[in-house]
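In the block that follows, a single chain appears as structure tokens, in the form predicted on its own.
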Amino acid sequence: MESTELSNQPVLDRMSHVRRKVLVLSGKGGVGKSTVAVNLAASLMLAGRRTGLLDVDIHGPSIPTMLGIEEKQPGFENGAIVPVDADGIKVLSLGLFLRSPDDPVIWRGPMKMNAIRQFLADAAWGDLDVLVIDSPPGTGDEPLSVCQLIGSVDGAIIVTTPQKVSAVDVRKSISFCRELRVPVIGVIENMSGFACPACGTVTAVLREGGGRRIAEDMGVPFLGSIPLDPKIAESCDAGRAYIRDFADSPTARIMRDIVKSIEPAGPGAAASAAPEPAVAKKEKEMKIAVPVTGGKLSMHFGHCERFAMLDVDPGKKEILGRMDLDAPPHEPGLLPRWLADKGANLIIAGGMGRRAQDLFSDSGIRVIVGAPAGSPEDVVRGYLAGTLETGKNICDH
């Protein structure tokens, strides 16, 4: 593959034929993210959706093995890469271009971004209902490149395991999505208990409920729990999608229920992993918090007298109402939780320390700093109109 800087327009042209682009993320490795991506793609395809699966895990591409297509190679037609057909799913992965599965890929960021650009721009994906994009663990070059190149990702599914060490990293993935304005479809808790191969009874092995608790705490949907099932590993090793080969199993039914919860019903509907009604509702219920002193936006966030809470309709760019709340006692870490409980989506302030900004982000609240000392209504109207002028963060400590 050439490592040259290319225009992004070819990516946008190709992706204009894809109705939904869905990113599958995980905060750390070993949680079964690629297994979820494969079975999500297979379930969508079996439901009649025109489905593609793009593996952008450059250093550890596992999708070819999981789908039994290691020996296949993409074709080339009219100057375009032709994805490999895996029983009805169009698939591309760097693993399909390696001479041997033992060959390491020793690339820096720019080469990885150019490879991903070629997968998106130079591949003959055709018309798809959904493109599932399997990313490596973390929030590094690969998922960032996808979001920057595509321009509009329809949603992200975040995969974790129940124990705290994995679930805590979900916060980072959610914050990554919010920073890049990618809707979070929800969290899937994988390996949640052990499914007995004889009777199907699920027994807790790891600590339960970590994924659900983090999802609820961060204000995103919890999509479901998938138990450990020995047949899932067998299917991956055999290069077959579990949801196809063991369609009648309790675990496969759980997988199908998860897929149903994230795509619209009805024949011919686009395979949408983004819960559009929920997102629309969230947008309409947007609540902006403005710290106030003397009737105007407070320059020092932590010393404000009260908070003006303004309900807005971002679509119509209108302020729907205002409620003033006395600020609680100034204690470390209290305000992010307090404002999150009040339903705030965004806080506009004059100055705020980096640690406080991180705490707000962890609570699912976006922060704008450097705003002028106007009335809360004027500040919010400027934000809605895109004319809010922000300056230096005067309280960055």
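All residue numbers are counted from 1 along the displayed sequence. Keep in mind that what you see is a predicted model, and the values were worked out from it rather than measured.
Only in words, not in the display: the form predicted together with a small molecule, which the text now covers.
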>> Please identify, from 45 to 53, 365 to 373, 346 to 354, 58 to 66, the stretch that has a heavy atom within 4.5 Å of the small molecule in the predicted complex.
In response: 58 to 66
>> Is it the case that residue 228, even though its partner is missing from this view, gets within 4.5 Å of the small molecule in the predicted complex, heavy atoms only?
In response: yes
>> Is residue 35 near the small molecule? Define near as a heavy atom within 4.5 Å, in the predicted complex.
In response: yes
> Does at least one non-hydrogen atom of residue 232 fall within 4.5 angstroms of the small molecule in the predicted complex?
Replying inline: yes
> How about residue 191: is it within 4.5 Å of the small molecule in the predicted complex, going by heavy atoms?
Replying inline: yes
>> Within 4.5 Å, heavy atoms only, which of 236, 146, 81, 84 is in contact with the small molecule in the predicted complex?
In response: 236
